[in-house]
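Shown next as structure tokens: one chain only, the form predicted on its own.
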């Protein structure tokens, strides 16, 4: 499947307006650049990486620049998963607040986790500058609106904790002053974190892929990895749909797109829940209109259990919003209607506007809702970014590569034992509709009082 065919994917009409069921980011020609698949697979590689998204390519680039032979295998088109389906908010967010993380694992660990978030964000900016990747990276800050007075008080305590960690710049905006941040009466004030920003995911992926291939990384698309078998100490046979490759080491970088059809993903998929997210992008509103609604042109979110995130697109003449999905495979008018209602709840004056794009994507969660790096049966894994992969996937791809090579001055805070498996679960999140209904009920109760 090439870029041209992706653009024609699932167009549908809503009240006479045509909606593209494909990612807004794919409109840029280089966002999903085809790779050269004419050559046969090499018989041997020092490292084989399964998954050609941010994690896999970041790991591959790190290894290749140490003079190692690296092969990246993707079952489809590299970058076609979460890497070019996300909303482009570069937060390095942790699902658990600093206070909850402190209560659960201790203050020292919470500080280390949130400090690594700062390090990962700075490294992303440095990487883009050094590689010359023009991806509209702008550290605009993020405003998170409080859905209740209790949420605002909780945010205030969180801001105090975060500001004790070097690199964090958080402050509160009262409800009386929030129109300086966003033209809405929905929130009870909110928190600004200045160290957060956003980028164009498609442009970033294209730049990452170009850097990896320039460094000598071999990338093959439409190559499904079916199994990894031990050959001898330090050698594995990677069995694919296009033949076998002997590998020194193997890294699994499939995250929320770990398939259920082959044995190779079984260990990870029993420990990772793919949660579907859906995103809409409005018709062109004009830069002045967007600035009226979002004066600081930041990234945005809220404190609802069924979280919504939104932002200006990089050209700042449209608005993007993402939240839960009603659909499983392709977007339909049901998801568009639901997300449009979310948008109008924030900005009532956008009731008139049309939606030009709507697409779906998977987000990977572990039971702890924390990213993980681990090793099992001499196979290395990085996964579980919980919706913040624009920062964590590239960073932990780099870190898992260093771990696999035995290099690096400091391991990631997230390196450790494999995450616990979920009982009676093999990658099919059958329980998610019930969980979403529960969260929806909690949001309704919170907003009612």
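Positions refer to the first chain, counted from 1. Predicted model only: the values in this text are computed from it and were never measured.
Although it is not shown, the form predicted together with a small molecule is what the next lines describe.
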property	result
Contact residue in the model of the complex, chosen from 135, 71, 373, 225 - any heavy atom within 4.5 Å of the small molecule	225
Contact residue in the model of the complex, from 335, 282, 86, 144 (heavy atom within 4.5 Å of the small molecule)	86
Distance check, residue 385 to the small molecule in the model of the complex, heavy atom within 4.5 Å	yes
Residue contact check: residue 363 to the small molecule in the model of the complex, 4.5 Å heavy atom	yes
Contact of residue 62 with the small molecule in the model of the complex (heavy atom, 4.5 Å)	no
Residue contact check: residue 258 to the small molecule in the model of the complex, 4.5 Å heavy atom	yes
Region of this chain that lies against the small molecule in the model of the complex, out of 338-346, 126-134, 216-224, 283-291 [heavy atom, 4.5 Å]	216-224
